[in-house]
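Next comes just one chain, in structure tokens: the form predicted on its own.
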Amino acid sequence: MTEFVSALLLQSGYNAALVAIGSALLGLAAGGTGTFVFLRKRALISDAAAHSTLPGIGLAFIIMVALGGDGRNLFGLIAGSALSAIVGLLVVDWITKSTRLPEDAAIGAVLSVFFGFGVVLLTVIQVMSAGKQAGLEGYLLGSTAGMLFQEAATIALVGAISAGALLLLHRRMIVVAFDPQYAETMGFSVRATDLMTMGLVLLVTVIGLKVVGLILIVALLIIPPVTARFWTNRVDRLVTIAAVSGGLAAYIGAALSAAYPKVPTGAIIVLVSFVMFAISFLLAPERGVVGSLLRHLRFQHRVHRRQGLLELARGETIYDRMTLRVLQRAGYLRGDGVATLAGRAAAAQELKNEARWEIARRRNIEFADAARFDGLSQIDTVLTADEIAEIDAELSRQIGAVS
């Protein structure tokens, strides 16, 4: 625990601090970029891009060794993985446009073939006599334990560039995500915007290989936006929360990886992100499970209270046990089922409000907000004081006419 706290406070050494900051920038970029992939419902395309990087890593390693260089040079591996991912995405696009196969089928075919080819190349690399291939498998699940200063600085720099590009392009991406036709009328090319989004996904993917690994990078792109969706309905806040969620998960995961070097970096970052998702799933006030349950219970309580008071006002016998408990807990009924003074007053007021609601519904039946006149809300929260006064005047005329 002490090591973890030290890593969180950037006190575990210069390289560990740089890795944590670089990972946080990667998480910010991944969360923000993943939001637009999530909104466009194209999460699988990021999976294809990630799995398509593996052949590029293997080929780049072999080429660099053949040229007499260090096979694990990060710049070379990033270039190779980027080119391979671009080829994979182009193949997916070609299959989708040239055949009748849907995009998900094309993605499944491409990612499996590319990943299988990459595994074959890694197997060949392991029996090579040169190239420092030890640790190359870290690109599958992520590994920061042996990260060099240049590698960490590269990840931090490219992560910052990706985050900056996202800030510049977010308005265009939002419009395209929600209304492609309207985006075209505004002069935004949908295809060009999709390509920009995929470019950012590709950028996040290739720089995230060292930290998260190609198998799990898609989780860092998708889980933060899903987490953020529980907290807001606004796109600008969704992007912000997703970026912060991704950055925080990557930062905490990198700190845990520094404290416990034997734990796979990518896996622990994804687990931290999942914990944040689980907390949001349970505790988010609007969309969380607990919040939804509490709203349901409050609604149920209002229904039983209203129905019970109306039955009291009309002199009817209350048979429902839940209604009896609600009225008794509110002090409207005694234990023997006899109404209290407060209960009779509340019942009379509820009966009056029910008559008010009937008039309000009749007056507003043609309006779209007529569904708000459900009789469960406080009438003064739906109608203005002048409207209530007019309804009371009409109610008084009706009572006078009857009498």
Partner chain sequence: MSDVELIARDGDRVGRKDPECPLAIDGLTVSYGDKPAVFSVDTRFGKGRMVAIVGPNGAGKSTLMKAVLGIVPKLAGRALFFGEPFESVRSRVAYVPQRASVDWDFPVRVIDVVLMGLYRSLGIFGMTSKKDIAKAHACLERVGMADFARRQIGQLSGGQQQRVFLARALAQDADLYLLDEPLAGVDAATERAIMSVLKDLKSEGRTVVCVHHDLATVRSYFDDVLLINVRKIADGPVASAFNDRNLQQTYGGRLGATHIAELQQPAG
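Positions refer to the first chain, counted from 1. Here, rigid core means the biggest group of C-alpha atoms that superpose within 1.5 Å across both forms. Keep in mind that this is a model prediction, so the values were computed, not measured.
Not pictured, yet referred to below: the form predicted in complex with the partner chain.
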>> Between Arg295, Arg325, Arg171, Arg302, only one gets a heavy atom within 4.5 angstroms of the partner chain in the predicted complex; which residue is that?
In response: Arg171
> Which residue, Pro180, Gly288, Pro261, Gly199, has a heavy atom that falls within 4.5 Å of the partner chain in the predicted complex?
Replying inline: Pro180
>> Looking at heavy atoms inside 4.5 Å, which stretch does the partner chain contact in the predicted complex, given the options 277-285, 232-240, 108-116, 79-87?
In response: 232-240
> Is there a heavy atom of Ile62 lying 4.5 Å or less from a heavy atom of the partner chain in the predicted complex?
Replying inline: no
>> My question is simply whether Phe75 lines the interface with the partner chain in the predicted complex - judged by any non-hydrogen atom within 4.5 Å.
In response: no
> in the predicted complex, does Glu184 have a heavy atom within 4.5 Å of the partner chain?
Replying inline: yes
>> Using a 4.5 angstroms cut-off on non-hydrogen atoms, would Lys41 count as touching the partner chain in the predicted complex?
In response: yes
> Just checking, between this form and the one not shown and with the core aligned, does Leu10 shift 2 Å or more at the CA?
Replying inline: no
